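As structure tokens, one chain now follows by itself in the form predicted alone.
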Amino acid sequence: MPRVSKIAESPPHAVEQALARLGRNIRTARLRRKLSRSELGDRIGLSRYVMGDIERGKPTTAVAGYVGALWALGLLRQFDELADPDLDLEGKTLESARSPSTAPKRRAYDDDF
């Protein structure tokens, strides 16, 4: 039996809430399209039981299942902004703090060959 990762076994509350919210959103989108779990699962090659795990935000369900459900529902475009480096203000700030403020000094070369 495969070992469960620590993050899946006991996720931080924020992670747990984010997965639950994503699962609820997927469920709402599925219901608005009048699809059963089996129908949506068939579109992406998953069982209705796995679709239930996705809709409950189960942390041990593979991310491919979540992304596949978004794709099948036509919502994958919104996924593109997730972790977009251009929107990472903290990362940009840290990067600019580490970059040198001046150009490196040029070495003086001797013309004597």
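Since the model is a prediction, treat every value here as computed from it, not as a measurement. Throughout, we count residues from 1 along the sequence that is shown.
One more form of this protein, predicted together with the DNA, exists but is not displayed; see below.
- Residue contact with the DNA in the predicted complex: L73 places no heavy atom within 4.5 Å of it.
- Put simply, E39 is close to the DNA in the predicted complex: some heavy atom of it is within 4.5 Å.
- Put simply, F79 is far from the DNA in the predicted complex: not one heavy atom of it is within 4.5 Å.
- For S47, a non-hydrogen atom is located within 4.5 Å of the DNA in the predicted complex, even though that partner is not displayed.
- Of the residues in 58-79, those that come within 4.5 Å of the DNA in the predicted complex through at least one heavy atom are, in sequence order, K58, T60, T61, A62.
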